[in-house]
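To begin, one chain is listed below as structure tokens, in the form predicted alone.
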Amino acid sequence: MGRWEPNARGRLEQAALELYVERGFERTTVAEIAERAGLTERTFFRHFADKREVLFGGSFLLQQHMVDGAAAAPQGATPLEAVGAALDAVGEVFRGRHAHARRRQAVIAANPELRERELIKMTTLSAALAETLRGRGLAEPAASLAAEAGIAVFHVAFGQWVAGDEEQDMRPLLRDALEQLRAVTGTG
């Protein structure tokens, strides 16, 4: 594949994931990723700060869907209903991405540095969701509690989703996990 081919970022992400699965994150270099993608190291660093960030490039999109979903909840929605709207929006992002998500999650699970980066991503998502809930008029600490609960629901449902062998819509799993939270807290 020539260097002039479009979608350099996507090619780098795909090459990195393939190499991480084949060789492991630690044993894969930026030079190898760039070579597999048919690009240069310089091009890699135009798109990513380091080889970890290749796996987290979609974090902003995920956050934007979550925030937009919560913001679009009906005006009279309860905090958990707004969180549910955020989770529905996020579930849509993963449609058709099961195989990719499974491979990515396996790479992350095998490396402590990547697990730490994943936790940072989840903290950032929670903070953004809490800010959106505050913007809807929810005071603290309720906004932060609802956001953290939403992230916990996402984490549990995502784990169930990637553990499955086949592609499926994640939204029913997210809704079920949210209902389980409501049952546990007596708010169902």
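Here the structure is a predicted model, which means the values were calculated and not measured. In case it trips you up, residue 1 is the first one in the sequence shown, and so on.
In what follows, reference is made to the form predicted in complex with another copy of the chain, a form of this protein that is not presented.
Just one of A127, V67, V30, A149 comes within 4.5 Å of another copy of the chain in the model of the complex, counting any heavy atom, and that one is A149.
Picking from 112-120, 67-75, 86-94, 99-107 the stretch near another copy of the chain in the model of the complex, with a 4.5 Å limit on heavy atoms, gives 112-120. Proximity of Q180 to another copy of the chain in the model of the complex falls within the 4.5 Å heavy atom cutoff. Another copy of the chain in the model of the complex comes within 4.5 Å of no heavy atom belonging to T40.
In the model of the complex, L62 stays away from another copy of the chain, with no heavy atom inside 4.5 Å. Although the partner is absent here, V153 lies within 4.5 Å of another copy of the chain in the model of the complex, judged by heavy atoms.
Residues T78, P79, L80, E81 are the ones in 62-81 with at least one heavy atom within 4.5 Å of another copy of the chain in the model of the complex, listed in sequence order.
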